[in-house]
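Next comes just one chain, in C-alpha coordinates: the form predicted alone.
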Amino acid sequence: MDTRTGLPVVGMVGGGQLARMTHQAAISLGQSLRVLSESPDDSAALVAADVRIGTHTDLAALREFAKGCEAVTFDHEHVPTEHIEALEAEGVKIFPGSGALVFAQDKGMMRERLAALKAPVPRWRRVNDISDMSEIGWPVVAKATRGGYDGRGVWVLDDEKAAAELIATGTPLIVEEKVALKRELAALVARSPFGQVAAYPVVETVQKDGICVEVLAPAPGLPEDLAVQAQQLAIDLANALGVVGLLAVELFETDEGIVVNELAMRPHNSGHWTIEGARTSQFEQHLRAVLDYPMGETSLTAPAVVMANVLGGAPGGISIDERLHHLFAEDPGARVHLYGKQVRPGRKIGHVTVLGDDMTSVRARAARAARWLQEGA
(Lines give C-alpha, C1' and ligand atoms only; values in the text may rest on other atoms or scores of the structure.)
Protein backbone atom coordinates (compact mmCIF):
# COMPACT_ATOMS: atom_id res chain seq x y z
CA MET A 1 0.00 0.00 0.00
CA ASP A 2 1.23 3.49 -0.87
CA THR A 3 0.97 5.44 2.40
CA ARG A 4 0.78 8.75 0.52
CA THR A 5 -2.27 7.87 -1.57
CA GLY A 6 -3.85 5.00 0.33
CA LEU A 7 -3.89 3.05 -2.92
CA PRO A 8 -2.34 -0.36 -3.59
CA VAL A 9 1.01 -0.64 -5.35
CA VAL A 10 1.20 -2.77 -8.50
CA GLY A 11 4.60 -3.97 -9.65
CA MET A 12 5.27 -4.79 -13.30
CA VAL A 13 8.27 -6.95 -14.16
CA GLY A 14 9.86 -5.60 -17.33
CA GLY A 15 10.65 -2.08 -18.44
CA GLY A 16 9.52 -2.11 -22.08
CA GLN A 17 6.82 -0.17 -23.88
CA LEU A 18 4.02 -2.25 -22.37
CA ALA A 19 5.09 -1.19 -18.88
CA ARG A 20 5.45 2.40 -20.12
CA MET A 21 1.87 2.49 -21.39
CA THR A 22 0.59 0.67 -18.30
CA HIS A 23 2.24 3.38 -16.18
CA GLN A 24 0.40 6.02 -18.19
CA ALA A 25 -2.88 4.21 -17.52
CA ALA A 26 -2.05 3.92 -13.82
CA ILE A 27 -1.90 7.70 -13.49
CA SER A 28 -5.65 8.10 -14.06
CA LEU A 29 -6.21 5.54 -11.30
CA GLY A 30 -4.09 7.63 -8.90
CA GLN A 31 -1.17 5.23 -9.03
CA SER A 32 2.44 5.20 -10.09
CA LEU A 33 3.36 1.78 -11.34
CA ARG A 34 6.45 0.16 -9.81
CA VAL A 35 8.67 -1.16 -12.59
CA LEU A 36 11.49 -3.73 -12.52
CA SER A 37 13.79 -2.64 -15.32
CA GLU A 38 17.11 -4.02 -16.46
CA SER A 39 18.37 -0.53 -17.34
CA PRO A 40 17.46 3.07 -16.39
CA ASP A 41 17.29 3.72 -20.13
CA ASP A 42 14.49 1.22 -20.75
CA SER A 43 11.23 2.55 -22.13
CA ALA A 44 9.22 2.50 -18.88
CA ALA A 45 12.16 3.46 -16.68
CA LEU A 46 12.38 6.78 -18.51
CA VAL A 47 8.92 7.85 -17.29
CA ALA A 48 7.94 5.92 -14.14
CA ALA A 49 8.67 7.35 -10.69
CA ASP A 50 9.19 4.02 -8.91
CA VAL A 51 11.84 2.09 -10.83
CA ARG A 52 13.92 -0.76 -9.44
CA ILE A 53 16.90 -1.97 -11.46
CA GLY A 54 17.25 -5.73 -11.76
CA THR A 55 16.76 -8.67 -14.06
CA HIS A 56 13.74 -10.95 -14.33
CA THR A 57 16.00 -14.01 -14.07
CA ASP A 58 17.31 -13.01 -10.60
CA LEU A 59 15.06 -14.46 -7.89
CA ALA A 60 16.58 -12.22 -5.20
CA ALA A 61 15.84 -9.13 -7.29
CA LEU A 62 12.27 -10.31 -7.91
CA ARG A 63 11.77 -11.01 -4.21
CA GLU A 64 13.00 -7.53 -3.20
CA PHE A 65 10.94 -5.89 -5.95
CA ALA A 66 7.73 -7.57 -4.78
CA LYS A 67 7.97 -6.23 -1.21
CA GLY A 68 5.09 -3.86 -0.55
CA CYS A 69 3.27 -4.68 -3.80
CA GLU A 70 -0.39 -5.59 -3.64
CA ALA A 71 0.08 -7.48 -6.89
CA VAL A 72 2.90 -8.26 -9.31
CA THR A 73 2.36 -8.63 -13.04
CA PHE A 74 4.45 -8.72 -16.23
CA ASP A 75 5.12 -6.92 -19.50
CA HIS A 76 6.63 -10.11 -20.97
CA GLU A 77 6.46 -13.88 -20.40
CA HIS A 78 10.14 -14.58 -19.85
CA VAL A 79 10.32 -14.78 -16.03
CA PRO A 80 11.40 -18.33 -15.13
CA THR A 81 8.41 -20.37 -14.05
CA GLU A 82 10.25 -21.67 -10.99
CA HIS A 83 10.86 -18.09 -9.79
CA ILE A 84 7.15 -17.28 -10.01
CA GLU A 85 6.30 -20.46 -8.11
CA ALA A 86 8.83 -19.56 -5.39
CA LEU A 87 7.32 -16.11 -4.92
CA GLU A 88 3.79 -17.52 -4.84
CA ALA A 89 4.87 -19.97 -2.14
CA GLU A 90 6.04 -16.96 -0.10
CA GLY A 91 2.62 -15.32 -0.37
CA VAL A 92 3.23 -12.86 -3.21
CA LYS A 93 0.12 -12.20 -5.31
CA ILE A 94 1.21 -12.71 -8.91
CA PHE A 95 -1.16 -12.22 -11.85
CA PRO A 96 -1.32 -14.16 -14.02
CA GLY A 97 -0.10 -16.90 -11.73
CA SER A 98 2.41 -19.57 -12.64
CA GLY A 99 -0.32 -22.12 -13.30
CA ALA A 100 -1.74 -19.93 -16.07
CA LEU A 101 1.34 -18.14 -17.38
CA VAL A 102 3.17 -21.35 -18.20
CA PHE A 103 0.75 -21.87 -21.10
CA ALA A 104 1.96 -18.60 -22.62
CA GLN A 105 5.60 -19.40 -21.85
CA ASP A 106 5.80 -22.94 -23.22
CA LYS A 107 4.24 -23.62 -26.63
CA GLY A 108 4.27 -27.37 -26.13
CA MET A 109 2.34 -27.13 -22.88
CA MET A 110 0.01 -24.59 -24.48
CA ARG A 111 -0.83 -26.92 -27.36
CA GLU A 112 -1.38 -29.88 -25.02
CA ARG A 113 -3.71 -27.87 -22.78
CA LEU A 114 -5.65 -26.36 -25.67
CA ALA A 115 -6.11 -29.80 -27.20
CA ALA A 116 -7.36 -31.14 -23.85
CA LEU A 117 -9.86 -28.27 -23.75
CA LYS A 118 -10.95 -29.17 -27.31
CA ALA A 119 -10.02 -25.70 -28.54
CA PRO A 120 -9.45 -25.46 -32.32
CA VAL A 121 -5.68 -25.84 -32.93
CA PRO A 122 -3.48 -26.80 -35.90
CA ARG A 123 -2.20 -30.37 -36.20
CA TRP A 124 1.05 -30.39 -34.22
CA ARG A 125 3.68 -32.54 -32.54
CA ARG A 126 6.65 -32.16 -30.23
CA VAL A 127 9.87 -32.65 -32.19
CA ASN A 128 12.14 -35.51 -31.21
CA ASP A 129 13.48 -36.25 -34.68
CA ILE A 130 12.84 -35.40 -38.29
CA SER A 131 10.04 -37.96 -38.61
CA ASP A 132 7.88 -35.82 -36.34
CA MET A 133 8.08 -33.05 -38.91
CA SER A 134 7.63 -35.19 -42.00
CA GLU A 135 4.51 -36.79 -40.52
CA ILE A 136 2.81 -33.37 -40.42
CA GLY A 137 3.51 -32.89 -44.14
CA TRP A 138 5.67 -30.28 -45.86
CA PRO A 139 5.78 -27.34 -45.56
CA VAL A 140 5.63 -27.14 -41.76
CA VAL A 141 5.95 -24.38 -39.17
CA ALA A 142 8.52 -25.09 -36.47
CA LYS A 143 8.49 -23.09 -33.24
CA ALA A 144 10.90 -22.86 -30.32
CA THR A 145 8.94 -23.99 -27.29
CA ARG A 146 10.16 -21.02 -25.25
CA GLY A 147 11.45 -17.50 -25.81
CA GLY A 148 10.20 -16.57 -29.28
CA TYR A 149 8.51 -13.28 -30.17
CA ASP A 150 8.01 -10.93 -33.16
CA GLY A 151 8.84 -13.68 -35.62
CA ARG A 152 11.90 -14.91 -33.71
CA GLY A 153 11.82 -18.58 -32.86
CA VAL A 154 9.50 -19.42 -35.78
CA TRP A 155 10.63 -21.13 -38.99
CA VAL A 156 8.72 -22.21 -42.09
CA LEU A 157 10.45 -25.35 -43.37
CA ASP A 158 9.93 -26.76 -46.84
CA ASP A 159 11.86 -30.03 -46.69
CA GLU A 160 13.89 -32.48 -44.63
CA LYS A 161 17.19 -30.72 -45.31
CA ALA A 162 15.99 -27.47 -43.72
CA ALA A 163 14.43 -29.41 -40.87
CA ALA A 164 17.62 -31.36 -40.17
CA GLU A 165 19.65 -28.13 -39.98
CA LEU A 166 17.24 -26.66 -37.43
CA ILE A 167 17.05 -29.84 -35.33
CA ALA A 168 20.86 -29.93 -35.23
CA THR A 169 20.88 -26.63 -33.30
CA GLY A 170 19.42 -28.43 -30.29
CA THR A 171 16.56 -25.93 -29.88
CA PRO A 172 13.52 -27.57 -28.20
CA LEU A 173 10.78 -27.43 -30.83
CA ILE A 174 7.20 -28.14 -31.70
CA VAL A 175 6.02 -28.47 -35.28
CA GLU A 176 2.65 -27.47 -36.71
CA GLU A 177 0.90 -27.74 -40.01
CA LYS A 178 1.10 -24.61 -42.16
CA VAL A 179 -2.49 -23.43 -41.90
CA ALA A 180 -4.21 -22.22 -45.06
CA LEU A 181 -5.41 -18.99 -43.50
CA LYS A 182 -7.54 -16.20 -44.89
CA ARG A 183 -6.23 -13.65 -42.37
CA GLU A 184 -5.14 -13.29 -38.75
CA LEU A 185 -7.43 -12.14 -35.95
CA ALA A 186 -7.05 -11.42 -32.25
CA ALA A 187 -9.56 -11.67 -29.42
CA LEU A 188 -8.63 -9.75 -26.27
CA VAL A 189 -10.31 -10.32 -22.92
CA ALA A 190 -9.60 -9.38 -19.32
CA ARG A 191 -10.47 -11.43 -16.24
CA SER A 192 -10.38 -10.49 -12.55
CA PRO A 193 -9.77 -12.78 -9.54
CA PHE A 194 -13.48 -12.40 -8.75
CA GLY A 195 -14.16 -13.92 -12.17
CA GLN A 196 -15.56 -10.90 -13.98
CA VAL A 197 -14.64 -10.98 -17.67
CA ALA A 198 -14.68 -8.19 -20.26
CA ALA A 199 -14.18 -8.78 -24.00
CA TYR A 200 -13.03 -6.30 -26.64
CA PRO A 201 -14.22 -6.32 -30.25
CA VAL A 202 -12.33 -8.87 -32.37
CA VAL A 203 -9.64 -7.25 -34.51
CA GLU A 204 -7.71 -8.12 -37.65
CA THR A 205 -3.92 -8.12 -37.35
CA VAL A 206 -1.66 -7.69 -40.35
CA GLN A 207 1.80 -9.26 -40.17
CA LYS A 208 4.94 -8.60 -42.20
CA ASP A 209 8.10 -10.66 -41.66
CA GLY A 210 6.63 -12.00 -38.43
CA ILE A 211 5.96 -8.53 -37.00
CA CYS A 212 2.52 -7.00 -36.55
CA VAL A 213 2.35 -3.85 -38.68
CA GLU A 214 -1.39 -3.02 -38.50
CA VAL A 215 -4.41 -3.72 -36.34
CA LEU A 216 -7.91 -3.03 -37.70
CA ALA A 217 -10.75 -2.63 -35.19
CA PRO A 218 -13.26 -4.07 -35.59
CA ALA A 219 -12.09 -6.78 -38.00
CA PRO A 220 -13.57 -5.71 -41.36
CA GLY A 221 -16.27 -7.96 -42.76
CA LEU A 222 -16.08 -10.49 -39.94
CA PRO A 223 -19.43 -12.28 -39.67
CA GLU A 224 -21.11 -11.56 -36.34
CA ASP A 225 -21.42 -15.23 -35.45
CA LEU A 226 -17.69 -15.77 -35.99
CA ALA A 227 -16.85 -12.66 -33.93
CA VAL A 228 -19.00 -13.93 -31.07
CA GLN A 229 -17.40 -17.37 -31.38
CA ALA A 230 -13.91 -15.84 -31.11
CA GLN A 231 -14.87 -13.75 -28.08
CA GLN A 232 -16.50 -16.72 -26.38
CA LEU A 233 -13.44 -18.87 -27.08
CA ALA A 234 -11.19 -16.23 -25.45
CA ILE A 235 -13.51 -16.00 -22.43
CA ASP A 236 -13.65 -19.78 -22.08
CA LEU A 237 -9.85 -20.04 -22.25
CA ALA A 238 -9.38 -17.25 -19.69
CA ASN A 239 -11.69 -19.11 -17.30
CA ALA A 240 -10.28 -22.57 -17.96
CA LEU A 241 -6.67 -21.47 -17.60
CA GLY A 242 -7.35 -19.24 -14.59
CA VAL A 243 -5.94 -16.13 -16.22
CA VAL A 244 -6.04 -12.91 -14.20
CA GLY A 245 -5.33 -9.81 -16.28
CA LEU A 246 -5.32 -9.54 -20.05
CA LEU A 247 -5.45 -12.57 -22.32
CA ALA A 248 -4.79 -12.08 -26.03
CA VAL A 249 -5.79 -15.03 -28.21
CA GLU A 250 -4.14 -14.82 -31.63
CA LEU A 251 -6.26 -16.59 -34.22
CA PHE A 252 -6.18 -17.76 -37.82
CA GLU A 253 -9.37 -17.35 -39.82
CA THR A 254 -9.73 -20.24 -42.25
CA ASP A 255 -12.45 -21.51 -44.58
CA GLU A 256 -13.48 -23.91 -41.81
CA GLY A 257 -13.57 -21.31 -38.99
CA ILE A 258 -11.04 -20.06 -36.45
CA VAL A 259 -7.87 -21.74 -35.18
CA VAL A 260 -5.80 -20.70 -32.15
CA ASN A 261 -2.28 -19.62 -33.06
CA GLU A 262 -0.76 -18.16 -29.85
CA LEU A 263 -1.67 -16.93 -26.37
CA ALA A 264 -0.30 -13.89 -24.53
CA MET A 265 -1.18 -13.09 -20.91
CA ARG A 266 -0.38 -9.38 -20.70
CA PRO A 267 -1.22 -6.22 -22.60
CA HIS A 268 -0.61 -7.01 -26.24
CA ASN A 269 0.28 -5.28 -29.49
CA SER A 270 -3.13 -6.23 -30.88
CA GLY A 271 -4.72 -4.05 -28.18
CA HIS A 272 -2.72 -0.82 -28.49
CA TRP A 273 -5.61 0.70 -30.46
CA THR A 274 -7.71 0.67 -27.28
CA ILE A 275 -5.90 3.72 -25.81
CA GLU A 276 -7.93 6.03 -28.04
CA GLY A 277 -10.24 3.52 -29.73
CA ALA A 278 -12.02 1.92 -26.75
CA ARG A 279 -13.79 3.33 -23.70
CA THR A 280 -11.24 1.60 -21.46
CA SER A 281 -7.71 0.92 -22.69
CA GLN A 282 -6.23 -2.55 -22.38
CA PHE A 283 -3.61 -1.11 -20.03
CA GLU A 284 -6.13 0.30 -17.57
CA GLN A 285 -8.17 -2.88 -17.91
CA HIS A 286 -5.15 -5.00 -17.02
CA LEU A 287 -4.61 -2.93 -13.87
CA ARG A 288 -8.29 -3.14 -12.98
CA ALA A 289 -8.14 -6.90 -13.37
CA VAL A 290 -5.06 -7.54 -11.23
CA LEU A 291 -6.44 -5.22 -8.51
CA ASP A 292 -9.85 -6.95 -8.70
CA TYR A 293 -11.57 -3.69 -9.61
CA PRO A 294 -14.75 -3.89 -11.71
CA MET A 295 -13.98 -4.06 -15.43
CA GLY A 296 -14.30 -0.99 -17.64
CA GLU A 297 -16.43 -0.60 -20.76
CA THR A 298 -14.86 -2.05 -23.91
CA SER A 299 -16.95 -0.53 -26.70
CA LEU A 300 -15.37 1.35 -29.62
CA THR A 301 -15.13 5.15 -29.57
CA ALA A 302 -15.44 5.32 -33.39
CA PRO A 303 -16.78 3.03 -36.13
CA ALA A 304 -13.27 2.39 -37.50
CA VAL A 305 -9.96 2.36 -35.61
CA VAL A 306 -6.55 1.50 -37.05
CA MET A 307 -3.26 1.13 -35.19
CA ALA A 308 -0.05 1.08 -37.25
CA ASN A 309 3.28 0.20 -35.68
CA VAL A 310 6.18 2.58 -36.25
CA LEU A 311 9.35 0.64 -37.00
CA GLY A 312 12.85 2.03 -36.94
CA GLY A 313 14.05 3.08 -40.38
CA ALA A 314 17.42 3.68 -41.96
CA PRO A 315 19.63 6.27 -40.20
CA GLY A 316 19.69 9.81 -41.48
CA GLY A 317 17.00 12.11 -42.80
CA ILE A 318 15.11 14.73 -40.84
CA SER A 319 14.79 14.36 -37.06
CA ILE A 320 11.86 12.59 -35.40
CA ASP A 321 10.81 15.95 -33.94
CA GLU A 322 10.56 17.45 -37.43
CA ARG A 323 8.64 14.42 -38.60
CA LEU A 324 6.14 14.92 -35.79
CA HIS A 325 5.71 18.58 -36.74
CA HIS A 326 4.94 17.67 -40.34
CA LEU A 327 2.64 14.77 -39.39
CA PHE A 328 0.54 16.82 -36.97
CA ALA A 329 0.19 19.60 -39.52
CA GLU A 330 -0.90 17.11 -42.18
CA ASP A 331 -3.21 14.99 -39.97
CA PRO A 332 -4.15 16.61 -36.62
CA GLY A 333 -6.27 13.57 -35.75
CA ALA A 334 -3.38 11.10 -35.78
CA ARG A 335 -2.38 10.04 -32.28
CA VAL A 336 1.28 9.14 -31.85
CA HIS A 337 2.86 7.04 -29.10
CA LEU A 338 6.66 6.89 -29.10
CA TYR A 339 8.38 4.49 -26.73
CA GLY A 340 11.63 6.32 -26.00
CA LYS A 341 13.70 3.59 -27.65
CA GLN A 342 16.93 3.80 -29.54
CA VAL A 343 16.15 3.53 -33.24
CA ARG A 344 17.23 0.36 -35.03
CA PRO A 345 15.97 -0.77 -38.43
CA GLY A 346 12.88 -2.93 -37.97
CA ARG A 347 12.56 -2.30 -34.22
CA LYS A 348 9.17 -1.20 -32.86
CA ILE A 349 9.74 2.37 -31.66
CA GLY A 350 6.11 3.50 -31.42
CA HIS A 351 2.66 3.33 -32.92
CA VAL A 352 0.06 5.59 -34.49
CA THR A 353 -3.70 5.33 -34.00
CA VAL A 354 -6.30 6.90 -36.29
CA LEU A 355 -10.08 6.94 -35.79
CA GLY A 356 -12.89 7.66 -38.24
CA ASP A 357 -16.03 6.48 -39.95
CA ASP A 358 -14.60 4.63 -42.96
CA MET A 359 -12.08 1.80 -42.54
CA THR A 360 -10.45 2.31 -45.94
CA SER A 361 -9.64 5.98 -45.39
CA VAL A 362 -8.65 5.47 -41.73
CA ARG A 363 -6.30 2.66 -42.72
CA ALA A 364 -4.67 4.82 -45.40
CA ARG A 365 -4.14 7.66 -42.92
CA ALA A 366 -2.58 5.36 -40.33
CA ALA A 367 -0.26 3.73 -42.87
CA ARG A 368 0.82 7.11 -44.23
CA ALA A 369 1.54 8.43 -40.72
CA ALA A 370 3.57 5.37 -39.71
CA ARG A 371 5.53 5.43 -42.95
CA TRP A 372 6.32 9.13 -42.54
CA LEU A 373 7.57 8.65 -38.99
CA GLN A 374 9.69 5.69 -40.11
CA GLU A 375 11.11 7.12 -43.33
CA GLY A 376 10.60 10.87 -43.17
CA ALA A 377 9.29 10.72 -46.73
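Because the structure is predicted, anything quoted here is derived from the model rather than measured. Throughout, we count residues from 1 along the sequence that is shown.
Not pictured, yet referred to below: the form predicted in complex with another copy of the chain.
**Student:** Only one of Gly54, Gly333, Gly312, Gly317 comes within 4.5 Å of another copy of the chain in the predicted bound form by heavy atoms, so just point that one out.
**Tutor:** Here the answer is residue option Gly333.
**Student:** Ok, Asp255, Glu165, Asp209, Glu297: which has a heavy atom sitting within 4.5 Å of another copy of the chain in the predicted bound form?
**Tutor:** Only one listed residue qualifies here, and that residue is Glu297.
**Student:** Can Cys69 be called a contact residue for another copy of the chain in the predicted bound form at 4.5 Å between heavy atoms?
**Tutor:** Contact check for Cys69: no, nothing within 4.5 Å of another copy of the chain in the predicted bound form.
**Student:** Looking in the predicted bound form, any heavy atom of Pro345 within 4.5 Å of another copy of the chain?
**Tutor:** No - in the predicted bound form, heavy atoms of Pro345 and another copy of the chain never come within 4.5 Å of each other.
**Student:** Even though the partner isn't displayed, in the predicted bound form is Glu284 close enough to another copy of the chain, meaning a heavy atom within 4.5 Å?
**Tutor:** The answer is yes: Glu284 has a heavy atom within 4.5 Å of another copy of the chain.
**Student:** Is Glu160 part of the interface with another copy of the chain in the predicted bound form - any heavy atom within 4.5 Å?
**Tutor:** No.
**Student:** Since the chain is shown here on its own, which stretch among 95 to 103, 234 to 242, 274 to 282, 169 to 177 would lie within 4.5 Å of another copy of the chain in the predicted bound form, judged by heavy atoms?
**Tutor:** Comparing against another copy of the chain in the predicted bound form, the contact stretch is 274 to 282.
**Student:** Is it the case that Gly108, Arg111 and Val259 all touch another copy of the chain in the predicted bound form, with a non-hydrogen atom of each within 4.5 angstroms?
**Tutor:** No: no residue has a heavy atom within 4.5 Å of the partner.
**Student:** Under the 4.5 Å heavy atom criterion, name the residues of 305 to 341 that approach another copy of the chain in the predicted bound form, in sequence order.
**Tutor:** The stretch touches the partner through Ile320, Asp321, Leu324, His325, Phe328, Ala329, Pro332, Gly333, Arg335, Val336, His337, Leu338, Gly340.
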